[in-house]
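What follows is a single chain, given as C-alpha cells, in the form predicted alone.
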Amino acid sequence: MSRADKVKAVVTPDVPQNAAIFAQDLNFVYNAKSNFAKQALSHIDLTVNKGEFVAIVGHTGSGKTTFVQHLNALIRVQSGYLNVLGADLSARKPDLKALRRQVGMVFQYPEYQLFADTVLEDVCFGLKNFGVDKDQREQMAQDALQLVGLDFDQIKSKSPFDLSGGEKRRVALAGVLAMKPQILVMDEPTAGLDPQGKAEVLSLVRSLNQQQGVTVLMVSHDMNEVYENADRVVVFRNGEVAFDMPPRQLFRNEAEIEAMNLEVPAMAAFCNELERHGVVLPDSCRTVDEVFAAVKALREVPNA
C-alpha cells in the first residue's frame, strides 16, 4: 500500500469550525524502514484556533520543528490526519500552492534567504511566483515593508546585503507578510537579535495577531518571550505533546519544566514565589510592567 493509500485509510474526522490547524493521531518517522528510523512525531492531537498565539517549545529533537514543517507541507503527512485552514493535508494531492500562500513560514535566521539584487525584488519574489501583476505586487510589497517599520522609498532600491542585521530580518519578514498569510509560523524569530530588535519583532507579531487576527505559531527556546507573548504553550517531548495550557498555568509546574531542560521564565518564577507566600496575582500578569502594577495595586488596597 502506498503512502497516499495509507493516509486515505484514515477516517476523516470532524474538524472544529473555528480551527485554523487540526491534527489527529499525526505520526512521522524519519528514515522509515531503515536501521536509522526515528519516531519524530507520535500520536499528535492538537487544535489551534483562528486568531490564537501559540508557542511551541521543547528541547532539541522533541518534534516541534517537524510538526510545524507539516503545516505548509514542507513535510508531507505519513499517517494520521492534518487539516490546515480547511485543506486536508492528508489527501493525495492537496492544493499546496493555495496552502503556502495562506501559511507564511519564517525560518530561523530568515535573512539568510535573501538573494535578489534589491529589497523590492526580494519582497516581491513570492508574489511574482503566485502570478500577482507588477503594480499590485509592488503596492503589496510597499505595504509589507511599511508594516515592519521600514521606509519604502529609502530602502526599496538598496541591496539586501548592504542592510544591517535587523533590517535584513525585517525585509525577510516583509517578504512573508506581503502574501497576507492567515497563519504565521515562526521558528526562533528573534534568534541573533539584540534586545531592542527582539522587542520590535515581537511587538510586530503581537500587533498582527491582535489587530489583524493572524494566527501565530512561534517555536522558541526563549521561555521569557514565550511567557510574555503566547496565549497557549504546547510542550513537545520525545515526539509527543507533554503539555498544552496557558503560560501562567504551565510554568507553575517548575520541577517538571526543569526536568525537560526548559527554563522557568523570570516573571513566572517570581510569581510562583509570591504564591508560596500567599500572594496570588491574576494569571494575565506576565510582563514586568504588569506584575509591578498588580503588586502596587495590592499594596495600595489597605489604604483605599
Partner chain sequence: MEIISLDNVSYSYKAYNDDGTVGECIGVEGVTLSVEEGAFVALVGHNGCGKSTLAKLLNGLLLPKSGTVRVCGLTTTDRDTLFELRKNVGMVFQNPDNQMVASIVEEDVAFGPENLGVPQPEIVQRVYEALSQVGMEQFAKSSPHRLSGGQKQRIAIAGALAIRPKVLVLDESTAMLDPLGRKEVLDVAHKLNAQGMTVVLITHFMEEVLDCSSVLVMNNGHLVAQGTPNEIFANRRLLDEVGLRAPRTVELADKLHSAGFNVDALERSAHILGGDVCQELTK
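This structure is a prediction, so every number in the text was calculated from the model and none was measured. Residue numbers count along the first chain shown, from 1.
If you look for the form predicted together with its partner chain, you will not find it shown, but the lines that follow are about it.
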Worksheet item: Going by a heavy atom distance of 4.5 Å, is E138 a contact of its partner chain in the predicted bound form?
Response: no
Worksheet entry | 4.5 Å heavy atom contact, E228 and its partner chain in the predicted bound form | yes
Practice prompt. Find out whether any non-hydrogen atom of N49 is located within 4.5 angstroms of its partner chain in the predicted bound form, and reply yes or no.
Written response: no
Worksheet entry | H59: touches its partner chain in the predicted bound form, heavy atom cutoff 4.5 angstroms | yes
Worksheet item: Taking the partner as it appears in the predicted bound form, which of 86-94, 195-203, 230-238, 142-150 has residues with heavy atoms within 4.5 Å of its partner chain?
Response: 195-203
Worksheet item: Just one of A269, V29, A242, M245 has a heavy atom within 4.5 Å of its partner chain in the predicted bound form. Which one?
Response: A269
Worksheet entry | Contact set, 263-297 vs its partner chain in the predicted bound form - heavy atom within 4.5 angstroms | E263, A266, M267, A269, F270, E273, L274, R276, H277, V279, V288, D289, V291, F292, V295, K296
